[in-house]
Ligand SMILES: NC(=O)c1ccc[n+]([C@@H]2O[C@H](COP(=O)([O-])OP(=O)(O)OC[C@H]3O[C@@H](n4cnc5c(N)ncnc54)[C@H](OP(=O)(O)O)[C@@H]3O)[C@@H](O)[C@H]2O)c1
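Only one chain is shown below, in structure tokens, and it's the form predicted alone.
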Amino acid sequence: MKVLLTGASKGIGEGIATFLGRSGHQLGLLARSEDGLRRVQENIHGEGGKAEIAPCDLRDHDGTASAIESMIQKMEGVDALINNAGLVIRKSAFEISLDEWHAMVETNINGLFYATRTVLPFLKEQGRGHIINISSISGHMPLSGGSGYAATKYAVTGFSDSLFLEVRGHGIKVTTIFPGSVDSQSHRHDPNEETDWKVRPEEVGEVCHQILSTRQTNLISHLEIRPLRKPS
């Protein structure tokens, strides 16, 4: 399967790319960091997988559209898009700055929309495809001390659920994944905290693989993955 993945240079995105690469998917990896993308690409190639890369800033509509269209041409098609790129700033409404608010909205909402909007015509034309949006448990549960982040993830959930109703008639699936605590550098608030109890990024990749493996006639619309236990 030919899969585009945003935010693929680190954290959850790297974990998704690693697992999907091992599972035989042909990957198109997008993120702002070219160095990070090349590192992930080399690791995938080292394990026998296939991956192309395209550095881009998802907050830039024209740049995002150009990068995705070029990637689809290079891969000779696209079967799925995984919108993973996201920015986590965990501050309350008293603390968060306007720049921080706008940065999360532009990345977590606008970037996801730009990527989706670019891919949809290709999926519609072929009459099939799959869009997986990585939300968060904070996308359907309140998050005290992180209201801005929660707001963007609630938006991802609402967009995904409504998008499904708009595209299902074209054979396009939409799935929302709600990760809980993931052992990702970008989500760590304390660099010294114990993380063995958390979900591993590769396990989110395993979930994506399972979702993409469903028959064309059915859909996993929502999936939540979280740790079994928290540390005592």
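Counting begins at 1, following the sequence as shown. As the structure is a computational prediction, the values presented were derived from the model and not from experiment.
One more form of this protein, predicted together with the ligand, exists but is not displayed; see below.
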Inset, instruction - For the three residues T18, K173 and G205, verify that every one has a non-hydrogen atom within 4.5 Å of the ligand in the predicted bound form; reply yes or no. - result: no
Inset, instruction - Answer with one of R200, R38, H61, R32: the residue that has a non-hydrogen atom within 4.5 Å of the ligand in the predicted bound form. - result: R32
Inset, instruction - Using the partner position in the predicted bound form, report whether C56 sits within 4.5 Å of the ligand, counting heavy atoms only. - result: yes
Inset, instruction - Find out whether any non-hydrogen atom of K10 is located within 4.5 angstroms of the ligand in the predicted bound form, and reply yes or no. - result: yes
Legend entry - Interface membership of T107, the ligand in the predicted bound form, 4.5 Å heavy atom rule: yes
Inset, instruction - Mark V182 yes when one of its heavy atoms lies within 4.5 Å of a heavy atom of the ligand in the predicted bound form, and no otherwise. - result: yes
Inset, instruction - Would you point out which of 71-79, 135-143, 93-101, 115-123 contains residues with a non-hydrogen atom within 4.5 Å of the ligand in the predicted bound form? - result: 135-143
Legend entry - Residues within stretch 72-101 having a non-hydrogen atom within 4.5 Å of the ligand in the predicted bound form: N84, A85, G86, V88
